[in-house]
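The form predicted on its own is given below as one chain in structure tokens.
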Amino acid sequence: MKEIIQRLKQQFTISNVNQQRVDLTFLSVKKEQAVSLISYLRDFEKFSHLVFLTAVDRVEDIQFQLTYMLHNYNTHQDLGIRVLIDREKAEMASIHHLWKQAGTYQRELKEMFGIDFPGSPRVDESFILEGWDNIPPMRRDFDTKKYSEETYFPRPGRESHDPESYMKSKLYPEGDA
């Protein structure tokens, strides 16, 4: 993997190289170079499989971190490419032209985080959350408790119990605890 990283550093601005295991390395690249780097890895370094594309909401830094995980079947190496993008104008170039399944990941990230991938097929269609009209639910500023309280009402016959005393009463009905 060290040789590959050296070749990448000759062509791209690579930072934060982190080898977590013998077969797993992460590196960071600027948003503007991400698609070129990923294309290079696929076409010249034989990272032919897109394992996944995911996001982390770094709300404190006003950024999203995208991670593209690539696999090389010849060397059995995984390489994670991390890219920081602006949270306020969350947009990233699409890689659907490299792997068709990238379109599915990009649709999910658009719906769950609000990250746009212009030009990606069907990216604006509902994926899971048909009719959703709230902020994307995987953003850290989405208040799940508030949403739940506003959307779902208490059903009749439901009671809340203190778990400790409730379990004692169920386990020891005669008061033997």
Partner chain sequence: MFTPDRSKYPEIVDGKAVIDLDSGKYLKLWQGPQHPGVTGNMSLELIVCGDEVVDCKTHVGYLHRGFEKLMERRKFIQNFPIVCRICVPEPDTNEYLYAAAVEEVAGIKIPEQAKWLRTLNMEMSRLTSYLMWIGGHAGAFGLGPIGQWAVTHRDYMLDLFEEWTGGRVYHMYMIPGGVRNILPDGFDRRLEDTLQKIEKLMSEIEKVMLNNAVFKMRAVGLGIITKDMIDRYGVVGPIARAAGMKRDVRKNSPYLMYEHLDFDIITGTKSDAYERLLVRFREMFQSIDLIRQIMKYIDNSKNIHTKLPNVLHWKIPAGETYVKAESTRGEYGYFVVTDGSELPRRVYVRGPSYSHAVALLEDLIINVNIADVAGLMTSLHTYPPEIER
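Numbering follows the first chain given and starts at 1. Computed from a predicted model, the values in this text were never measured in an experiment.
In what follows, reference is made to the form predicted in complex with its partner chain, a form of this protein that is not presented.
Asker: Is it the case that residue 85, even though its partner is missing from this view, gets within 4.5 Å of its partner chain in the model of the complex, heavy atoms only?
Answerer: Heavy-atom contact with its partner chain at 4.5 Å: absent for residue 85.
Asker: How about residue 117 - does it come within 4.5 Å of its partner chain in the model of the complex, if we only consider non-hydrogen atoms?
Answerer: No, residue 117 sits far enough from its partner chain in the model of the complex that none of its heavy atoms falls within 4.5 Å.
Asker: Report whether the minimum heavy atom distance between residue 38 and its partner chain in the model of the complex is within 4.5 Å.
Answerer: Contact with its partner chain, no.
Asker: Is residue 24 close enough to its partner chain in the model of the complex to count, meaning some heavy atom within 4.5 Å?
Answerer: Because a heavy atom of residue 24 falls inside 4.5 Å of its partner chain in the model of the complex, the answer is yes.
Asker: Sequence order please: the residues of 69-106 with a heavy atom within 4.5 Å of its partner chain in the model of the complex.
Answerer: 69, 71, 73, 76, 78, 82, 97, 98, 99, 100, 101, 104, 105, in sequence order.
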